[in-house]
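What follows is one chain in structure tokens, specifically the form predicted on its own.
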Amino acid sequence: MKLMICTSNKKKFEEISSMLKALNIEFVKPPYELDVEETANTFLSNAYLKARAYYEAFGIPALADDSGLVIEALGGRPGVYSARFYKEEFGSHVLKEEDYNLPKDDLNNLKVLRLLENEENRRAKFVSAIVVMMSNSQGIFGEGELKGYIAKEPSGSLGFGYDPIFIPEGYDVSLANIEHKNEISHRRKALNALFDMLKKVL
């Protein structure tokens, strides 16, 4: 049995396939990346749009996730715009022309840190929604959260995305410094929520 993990992000593919290795199935990457417009305003709806598009394009069970960072002081942003937050008009004034030479992840992190520069409330959470489409009419989903707060500066090299600036509850280091990150992550919680269902259908 094959399960397509709908991402071109190598680290995300490895993370998800590692978390699901107990299923003892073959994980495959898409032959090419689809340009799926994530137009919904929730993580779950965006994950559904992506999983359905990949299933319809390639005809095998497709797993897609939509996840991101939700920051209380920013009214829930970056939220569903997490991957492209640096492009969003909200808070664009904090970025300078020379900043755009940075990699996308670094630019997103820089924007968050500058927006929170004088903010005492740094509470935040990572949210993940995962959808697996088995057919045109059958799908399952799971959701998970990891609460924490935003650090004053990035640190660590084990994660990706916003991991270097996010400190989980109960820790004093960023997620990018935690070797067992996969065991506590929001994505792990979302996958745990659908794991038993996956065993029955795959």
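Take the two forms, find the largest set of C-alpha atoms that superpose within 1.5 Å, and that set is the rigid core. The first residue of the shown sequence is 1; numbering continues from there. Everything quoted here is computed from the prediction, not taken from an experiment.
There is also a form predicted together with another copy of the chain; it is not shown, and the following applies to it.
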Using heavy atoms and a 4.5 Å cut-off, decide whether Asn9, Lys87 and Lys104 all contact another copy of the chain in the predicted bound form. no
Interface check vs another copy of the chain in the predicted bound form: of Phe27, Tyr149, Tyr48, Phe160, the one with a heavy atom inside 4.5 Å is Tyr48
Could you spot which one of Ala193, Ile178, Ile184, Leu20 gets a heavy atom to within 4.5 Å of another copy of the chain in the predicted bound form? Ala193
My question is simply whether Phe141 lines the interface with another copy of the chain in the predicted bound form - judged by any non-hydrogen atom within 4.5 Å. yes
Determine whether any heavy atom of Ser155 comes within 4.5 Å of a heavy atom of another copy of the chain in the predicted bound form, and answer yes or no. no
Val131: heavy atom within 4.5 Å of another copy of the chain in the predicted bound form? yes
So, Ile60 and another copy of the chain: in the predicted bound form, are they within 4.5 Å at any heavy atom pair? no
Among 29-37, 162-170, 64-72, 141-149, the region lying within 4.5 Å of another copy of the chain in the predicted bound form by heavy atom distance: 141-149
After fitting the rigid core, is the C-alpha of Met134 off by 2 Å or more between the shown form and the other one? yes
